[in-house]
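First, one chain by itself in structure tokens, the form predicted alone.
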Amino acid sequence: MVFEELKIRHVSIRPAHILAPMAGITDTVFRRFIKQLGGCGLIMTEFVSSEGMLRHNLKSQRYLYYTEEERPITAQIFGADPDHLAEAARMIEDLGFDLIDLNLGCPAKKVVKCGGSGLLRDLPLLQQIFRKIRAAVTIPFTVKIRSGWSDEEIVAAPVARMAEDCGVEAIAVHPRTRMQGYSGRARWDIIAEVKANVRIPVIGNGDVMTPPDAEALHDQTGCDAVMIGRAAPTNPWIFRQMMEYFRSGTYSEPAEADRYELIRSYYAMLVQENMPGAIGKMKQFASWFTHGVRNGAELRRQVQSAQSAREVLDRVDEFFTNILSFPCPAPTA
């Protein structure tokens, strides 16, 4: 089966479907939610600043909270100081994470100034960082990269070779440049080039929105696993759908009742966990989770105008009670 299993040393990722780290999205509630839906073999934290960790920043501590049901789980860090990153890596190992990942892909200006994809322009410094982190921890060490800074500075293959030489055990490739951000098409040929240049596992990422996309990614690149980012908030079932598709050649689309259960369950988890800013999360996710719902614009309006988490839950219940009471009209000839 395509993407059936990936092993990174002793860590088994089965199926080889990975939830990408996404700022403001992949907190512990969303990660557990994805796990419960099924089909996701590995989840990752939001990226955490090594400098914030060393200052014992409360936000960093919150980002690194996880539960046993989330395993296997990776903590992703960013920074540019080799010694500070090494110390942060030791702290992550002490917290019991299964793996540690270095962010070399974030294109945000405030991150690029102190790490992220900005490090792809300083390979000597990056080599120091790889070696320092590798020497600091015994757990598997992976990295996530972009293809380079710009079309004139494509460095994915040489960075991958250097990472392998320094003891990095897997590499995820998002084949857009920092200058592209999230625009344009992901160049899967760069993933194939990386795969041809290293022996460590290569994880493909970028423009996978459906199970057939994941199959095409595998066929065109030979990558060992698929990482899903922006598709997950709009279609949290995608991991389960990929598993269905690779086993049977087909996959099911969620019905409106499934979407109701999805929204209700996620919102209830936010309330139950007493997550900071729960109502803000509800409003943030409303635009994604209502994708494909009849009259979804009205539901989004109701969620956005609610004043409390309890009011959001009541409005969601009322909306879907009405929607599910009236089946879709038959198409006219």
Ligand SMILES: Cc1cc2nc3c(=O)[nH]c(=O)nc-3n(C[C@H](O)[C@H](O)[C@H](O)COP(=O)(O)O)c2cc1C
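The structure displayed is predicted, hence computed values, not measured ones. Numbers follow the displayed sequence, beginning with 1.
A second form of this protein, the form predicted together with the named molecule, is not displayed here; the remarks below concern that form.
Site annotation in the predicted bound form: the residue of P72, G229, P211, G115 reaching within 4.5 Å of the named molecule with a heavy atom is G229.
A single residue from the set G206, P236, G79, G148 has any heavy atom within 4.5 angstroms of the named molecule in the predicted bound form; that residue is G206. Using a 4.5 angstroms limit between non-hydrogen atoms, A20 touches the named molecule in the predicted bound form.
Though the partner is left out of this view, D27 does not reach within 4.5 Å of the named molecule in the predicted bound form, counting heavy atoms only. Of the heavy atoms in Q241, none are within 4.5 Å of the named molecule in the predicted bound form. The closest heavy atom approach of Y63 to the named molecule in the predicted bound form falls outside 4.5 Å. When contacts are defined as a non-hydrogen atom within 4.5 Å, all of E46, N103 and H174 contact the named molecule in the predicted bound form. Proximity to the named molecule in the predicted bound form, taken as heavy atoms within 4.5 Å, picks out 46-54 from the listed stretches 33-41, 291-299, 270-278, 46-54.
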